[in-house]
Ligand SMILES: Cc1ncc(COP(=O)(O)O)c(C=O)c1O
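Listed next as structure tokens is one chain, alone, in the form predicted on its own.
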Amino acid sequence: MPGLDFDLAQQGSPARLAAVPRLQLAGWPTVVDDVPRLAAALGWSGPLRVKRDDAASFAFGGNKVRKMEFYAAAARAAGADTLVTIGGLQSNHARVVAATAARLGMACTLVTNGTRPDVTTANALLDELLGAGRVFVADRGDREPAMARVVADLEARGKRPFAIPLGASTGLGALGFVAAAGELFDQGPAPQLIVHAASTGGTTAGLLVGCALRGVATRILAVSADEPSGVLRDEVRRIVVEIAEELDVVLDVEALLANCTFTDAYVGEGYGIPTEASTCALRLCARTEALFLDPTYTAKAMAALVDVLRDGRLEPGAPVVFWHTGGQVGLFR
């Protein structure tokens, strides 16, 4: 891979990845769809494909399922009886944690910022159906301290809680996307560019290491849904370091980061607030390919891809993959 002066295969990282305990929740691989009508609408002559993690066969899919397979194995190995995590009321991550708890026969507590709604919809409704309990706090900054209190309270009552960080975006969770990158490359030629929605950094970090593990020169475009690009980059750096620790390999972290473009140009007025461009992208995908995006994450990432394909940033005919990270439950808020 150009710009990388280390050899992950020689360090044994494929075998080390395979040795990390993982509890399969969905059927893999997810499909990769050609989207010729979308490509034509954008005037793009090259191969345009969509990696359909939104269609993963567990809990309405999405990128969090891959991360949770490693956390599910860790929780079971720890003898946990309760999963605890944090997120927003409509968190995709919280939905997958709640579903994982149900699948494993565990209890679940979600620590959420905001106030309890009069009527639950979308992900919050699914959390309720899955039997998850919920603790509300005033704002995002209160979530982690509240999760620590919930864990302590459960332990005091003789329970065995297992805390999962926001988005499962740690070195352990990101192993899901180290493996996912290899899955993509087994499904066809490596693309020149992968575009995806990014928030807590685990998907991006895993893809970067996964590309390096395969020795391919695919570039990554991480489209922030909320954080400034510099903050997102720092989070990805942290997680890449943690992946190296998980796999016990040496990584040139800065060389990996140089293979990724981070942008916050599509956040608009804030997290979860649609923009004109994201709304147009959402409708375009539905009307050309019956492909459903979500307003918080993937529609903004698709708006970025629309600009990339239209403004000449890529060489004509270059193969491109849009990694659909799920979240379409958010359409039903």
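Residue indices: 1-based, along the sequence shown. The structure presented is a predicted model; accordingly, all values stated were derived computationally and were not measured.
Unshown form predicted in complex with the named molecule; subsequent notes refer to it.
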Quiz item: Considering I164, A98, V209, A198, which brings a non-hydrogen atom within 4.5 Å of the named molecule in the predicted complex?
Solution: A198
Practice problem: Tell me, out of T109, T218, T112, S169, which residue has a non-hydrogen atom within 4.5 angstroms of the named molecule in the predicted complex. | Solution: S169
Quiz item: Among T203, Y297 and G327, does every residue place a heavy atom within 4.5 Å of the named molecule in the predicted complex?
Solution: yes
Quiz item: Is there a heavy atom of R66 lying 4.5 Å or less from a heavy atom of the named molecule in the predicted complex?
Solution: no
Quiz item: Though only this chain appears here, would T85 touch the named molecule in the predicted complex if you measure heavy atom gaps against 4.5 Å?
Solution: no
Practice problem: Name the stretch: of 283 to 291, 304 to 312, 41 to 49, 56 to 64, exactly one has residues whose heavy atoms fall within 4.5 Å of the named molecule in the predicted complex. | Solution: 56 to 64
Practice problem: Pull the contact list for 71 to 95: residues with a heavy atom within 4.5 Å of the named molecule in the predicted complex, in sequence order. | Solution: N92
